[in-house]
Each structure stands twice: as structure tokens, then as C-alpha cells.
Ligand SMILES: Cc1cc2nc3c(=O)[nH]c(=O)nc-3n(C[C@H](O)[C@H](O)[C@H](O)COP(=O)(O)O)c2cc1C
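There is one chain below, alone, in C-alpha cells, taken in the form predicted on its own.
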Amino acid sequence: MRKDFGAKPFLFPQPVMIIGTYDEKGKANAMNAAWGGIVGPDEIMIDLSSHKTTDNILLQKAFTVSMGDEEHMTACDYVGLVSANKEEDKMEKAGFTTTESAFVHAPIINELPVTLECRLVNVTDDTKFLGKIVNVSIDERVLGEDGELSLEKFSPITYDTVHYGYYRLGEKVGNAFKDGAALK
């Protein structure tokens, strides 16, 4: 027996995306965004209501998306609770420092190891921001022996839209594009 819940955003895992932007004075800002994801090989879409971040994206035509991780969960949650319009020292209180992306006019949050650097492509329905991923920068501390991102070293967190919790991703359970071949 199944139970119906109606239209709900129950797609898992839901990434914890930290959106980085610069304001009109060049000051870095970040916010936690729950709704969004990859929509193509080099595109991401984020659904945001009106925020300082959305004003910054429209102004700069650029943003970064860093994945929240277990180590920085509290800071990632904080930047989603507090508006830069009301807290001038938001980034400092979160413990975040930044470096400007070499590819777009947006900040890379140094403490978060994986960052998508994006150029704004389009805004639809006044809330859905489509970005072209022009670069992905990854801190070497989360690279494996093959020089690629290692989920054994990087602990991204996921957002539980049902109980409003954060969870770390688990261990590897299979091999994509390989294990299904057993059913051929």
C-alpha cells in the first residue's frame, strides 16, 4: 500500500547549495539555497525568491554554487537564516573567507571545497536563475589519487525536505554504467 502526499519536493538527495555573489560595492555574500540542481552538462538552475543574492546575481550576471559539507554544516545553515540586508558581517560570522573566481565576477568560498563558477544565462518566472557552469574548482584536499573529486574525502550534505534535517551522504554501493550490465 502506498500513501499519497500531493505535490511535494521529495527528490533525494537534495543538495545544500551555497550561492556566492558580490554586491554593488564588491562585498561577498552567500546564501543557502534549497531548490535547484543540474539541468544539463554545463547548466544549473536555482529557484530563489527575492534576496540580496538575487539582486547581486542580476547586477553582476554571475554567481558561484558551493556544496555544503559536514564540516561546515552550521555555517551553511547560518547563511540561509540571516539576510545580508540585515547582517553586514554575515560572512565573517559564518567563518567564511573568499577568493574571486578567475572565470566569473563572483566569490569562491575558501572553506567549501567544491565550487561551480557560473555565468547568468536567463531568469524565468522571476525566480528561476539559469546559470552556465564555466568552471568547477575543487580544493586539492578532496582529490583522490586519480586527481579527481573523491567522495571518500569530501563529505557533502543533503537536505531532508520532510523533517528539515541535514544528512551526510553515505558509502559507495555500486558502479554506474557497469552493474546494470548483469541484467543484459
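One rule holds for the numbers: they count along the sequence shown, beginning at 1. Predicted, not measured: the structure shown is a model, and the values here were computed from it.
Below, we refer to the form predicted in complex with the ligand, which is not included among the displayed structures.
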I need the one stretch from 43 to 51, 132 to 140, 61 to 69, 149 to 157 whose residues put non-hydrogen atoms within 4.5 angstroms of the ligand in the predicted complex. 43 to 51
Partner contact for residue 94 in the predicted complex: the ligand, 4.5 angstroms, heavy atom: no
Does residue 81 reach the ligand in the predicted complex, with heavy atoms at most 4.5 Å apart? yes
Within a 4.5 Å heavy atom cut-off, is residue 166 in contact with the ligand in the predicted complex? yes
Any chance residue 77 has a heavy atom within 4.5 Å of the ligand in the predicted complex? yes
